[in-house]
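In the form predicted alone, a lone chain appears below as structure tokens.
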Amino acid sequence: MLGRTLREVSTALKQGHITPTELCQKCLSLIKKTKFLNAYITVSEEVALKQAEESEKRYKKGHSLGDLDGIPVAVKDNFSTSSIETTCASNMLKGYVPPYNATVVQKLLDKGAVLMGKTNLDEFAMGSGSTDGVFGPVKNPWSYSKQYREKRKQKAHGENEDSNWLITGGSSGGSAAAVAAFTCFAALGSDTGGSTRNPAAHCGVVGFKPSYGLVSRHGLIPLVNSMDVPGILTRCVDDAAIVLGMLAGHDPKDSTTIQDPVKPFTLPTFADVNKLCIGIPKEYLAPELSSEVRSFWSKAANLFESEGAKVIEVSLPHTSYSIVCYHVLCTSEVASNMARFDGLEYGHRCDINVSTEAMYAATRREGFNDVVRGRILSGNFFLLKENYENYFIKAQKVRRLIANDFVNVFNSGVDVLLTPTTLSEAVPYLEFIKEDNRTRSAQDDIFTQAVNMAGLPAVSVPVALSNQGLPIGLQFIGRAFCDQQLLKIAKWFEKQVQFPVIQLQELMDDCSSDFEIEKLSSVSLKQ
């Protein structure tokens, strides 16, 4: 049952094949068995079991709250959760328990979802590997998959197979790992420059970033207010659409959300592929792009073309400026947002009481890691009076040019853009940490950052396994607020490629009756 999709399990719950309590207990058991992945910071076992019991009572009375009722979900630990610690994987917020739920969390709970726990991340979501939080790095479940280990045995002789596990990508790596390892059926991440799509690609799951303003940010501890979007991680596109339908809509607590009512998100089979125009941005053919990702990208374009879609090369001329532009804008907003963590109202407070200034400085030195402090310093530099015009204002102008590039492409008749999500498949942790955080983030989010600056929807879909037996994902980018059309196209593509299910053989041997996973083979892009 744990290997099924959200929709399939929802049907099983409604038909009485399994109860919410039984499902919750199975997920809690698997969370304990996969503790070595470090996907969760907090496991809310008591809360989850209580919610499952309440769901079970509703089912017995025939009062189901919908498709999410009784479904185990997880939430990234930078979303506020009432009565559950929210840390942002930082010493600054260790022990902090918010007095309210983030809007998206409350909406999930209102629909009967069962909260399994809070997932691990880079500190304050600043990173692209989920390796820089104070609770330690997240390990990619594919490190322990049968597909990867069989390939690795052919190359490694006498090497300890546990010594060089793979990163999940970041910063929502805990949420991606939780979904990939079958410990929940959907998870919330946050996406500021690719932080949902990046780990989704590395962990072989679907990662969806909605249009900016479609889903409320209230209660999401901010990184970059003008780019932050709650993200959704699931095992298939259809499940992402179900969750999005529950979350989308105006929130009076978030003035950036759209005022228009949101129609229910349903994804019927997309039958008009021959009417589509797919854009391939020539600037995304980066020199660092691995040959395998490039090959799958090309094969995906050919797949659409073979079905009658029009595939054309397009230009996003200001793409080359996006990394520098993103860095300036991101760190500037970080400097502003992190000012609230001063040791006075909540969170960590040092023992120094010589003066307010000394306490303030020591608190931030102790509470923030090097990455966060570095971004604060960079942002304050860009916001200095003598630098403001030359850095921040210019970056805002470049951001407008980047957004206009997308507008021009979509106005030319293109329906969606097809791009890589990441430069390569997941890399070993020991290789990943050779680069500093800023360099890694610039490299790993090269295909995703511009989408956030333009406020567009984007989804990463796993397409096939690399020669090493690891997931590779491709990204679809849509028009603003055309999220449903984007997901329809992604669902059609997903059905064609038939991405294989992860084979966590040891876990399946321990609890084989819980999985019932249909073994699919990747056919379309390998031929």
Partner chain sequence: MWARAVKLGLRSWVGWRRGFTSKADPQRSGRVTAEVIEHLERLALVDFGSQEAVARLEKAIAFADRLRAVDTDGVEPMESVLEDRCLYLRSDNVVEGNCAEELLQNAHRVVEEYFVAPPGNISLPKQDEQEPFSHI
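Numbering follows the first chain given and starts at 1. Small disclaimer: the values here were computed from a predicted structure and weren't measured.
Just so it is clear, the following notes concern the form predicted in complex with the partner chain, a form of the same protein that is not shown.
Not one of Leu68, Cys236 and Asp272 places a heavy atom within 4.5 Å of the partner chain in the predicted bound form. With the partner chain left out of view, the stretch that reaches within 4.5 Å of it through heavy atoms in the predicted bound form is, among 199-207, 316-324, 167-175, 139-147, 316-324.
Checking Leu401, Val134, Val311, Ile433 for any heavy atom within 4.5 Å of the partner chain in the predicted bound form turns up a single hit: Leu401. Checking Tyr429, Phe304, Trp297, Phe382 against the partner chain in the predicted bound form, a heavy atom within 4.5 Å turns up for just one residue: Phe382.
Although the partner is absent here, Ile221 is not a contact residue: none of its heavy atoms lies within 4.5 angstroms of the partner chain in the predicted bound form.
The partner chain in the predicted bound form comes within 4.5 Å of a heavy atom belonging to Pro99. By the criterion of a heavy atom within 4.5 Å, Lys153 is excluded from the residues contacting the partner chain in the predicted bound form.
The partner chain is not drawn, but in the predicted bound form it has no heavy atom within 4.5 Å of Leu285. Contacts to the partner chain in the predicted bound form (heavy atom within 4.5 Å) from stretch 359-373: Met359, Tyr360, Ala361, Arg364, Arg365, Phe368, Asp370, Arg373.
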